[in-house]
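First, one chain by itself in structure tokens, the form predicted on its own.
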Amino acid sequence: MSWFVATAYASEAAHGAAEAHGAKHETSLHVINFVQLIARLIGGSTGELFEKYQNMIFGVIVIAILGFIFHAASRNAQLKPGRLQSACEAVVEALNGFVSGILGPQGKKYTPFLGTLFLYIWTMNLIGLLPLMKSNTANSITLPGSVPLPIPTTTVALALIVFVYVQCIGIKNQGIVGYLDHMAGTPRDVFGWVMVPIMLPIHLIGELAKPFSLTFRLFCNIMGGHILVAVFIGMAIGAAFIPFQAPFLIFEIATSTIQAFVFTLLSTVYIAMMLPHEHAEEHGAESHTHEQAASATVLAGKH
């Protein structure tokens, strides 16, 4: 165990030395994982290849875990479901209820994307808390320069996927003209058209800021928690294996869940902002009509 932690910190020291020489590298913000162990045992170019593609390996592992669980649950679906099928159905229903609660009945068609997003991020956050595993959501590369700056990789990719998906939804549902009208602030009078030169840049900046917000909120929270856990594991080694990290592991489980939820919530809100407002108005009018019909039925029953 002491070799395990010592190797992790030795790895950080090696990365620091590389950084001092202005090298571009991938930082490790966790204790050592099994891919790094295999890479160092193999050594040479093969070992470097393993370590280079470790993020892809852990991404595939998360996808395989989720795919296996839901495939096993749906392979022999029964009217009277077992525990695994019931659990998976409950998760899907909860995600669909969450998305539809924000987007309305039309939200059902966005549940597969948003639900997959939540499950992937949540599982990826949690898997890094297991021994010899790693969370790609806390991964970054450090660009060379006078001020070394960590740049997230996985969270950037996830945020860009959401950004492109949201813009495509806006164009598909509103059309090019409607999309540009939305970005211009929906001008309908002289004052609205006068404000277009101001509203258009504001909307553009707002849209471009969304992926940055998604990226760094998720990355910083998960990275900070994993660094904290790694530090307390080191303290445990130096204090006769007292598990200082145990309370922080519980805290990290909660943080991982909250951050996956927040990422999905913001993505859902961004989609809602791109949908035509008429849908919401029609949904509200339809609900009001149903309420009036129900009241009329009750009054007729009394008479």
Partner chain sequence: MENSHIIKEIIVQIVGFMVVFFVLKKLAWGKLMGAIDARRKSIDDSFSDIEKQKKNLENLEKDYRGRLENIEQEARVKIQEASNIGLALAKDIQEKARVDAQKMIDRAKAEIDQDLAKVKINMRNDIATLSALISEKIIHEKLDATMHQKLVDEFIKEIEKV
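This one's a predicted model, so the numbers in the text were calculated from it and none came from an experiment. Positions refer to the first chain, counted from 1.
In what follows, reference is made to the form predicted together with the partner chain, a form of this protein that is not presented.
For the candidate set 106, 173, 167, 153, a heavy atom within 4.5 Å of the partner chain in the predicted bound form is found for exactly one residue, namely 153.
Of the candidates 119, 223, 229, 214, 119 is the one whose heavy atoms come within 4.5 Å of the partner chain in the predicted bound form; the others do not.
Figure note: of the listed segments 61-69, 36-44, 266-274, 248-256, the one touching the partner chain in the predicted bound form, with heavy atoms no more than 4.5 Å away, is 61-69. Proximity of residue 79 to the partner chain in the predicted bound form: non-hydrogen atoms within 4.5 Å are present. Although the partner is absent here, residue 115 is a contact residue: one of its heavy atoms lies within 4.5 angstroms of the partner chain in the predicted bound form. Taking the partner from the other structure, the partner chain in the predicted bound form has no heavy atom within 4.5 Å of any heavy atom of residue 233.
Although the partner is absent here, residue 207 sits far enough away that none of its heavy atoms falls within 4.5 Å of the partner chain in the predicted bound form. In sequence order, 70, 71, 73, 74, 77, 78, 79, 81, 85, 88, 89, 92, 93, 95, 96 are the residues of 70-103 having a heavy atom within 4.5 Å of the partner chain in the predicted bound form; the partner itself is omitted from this view.
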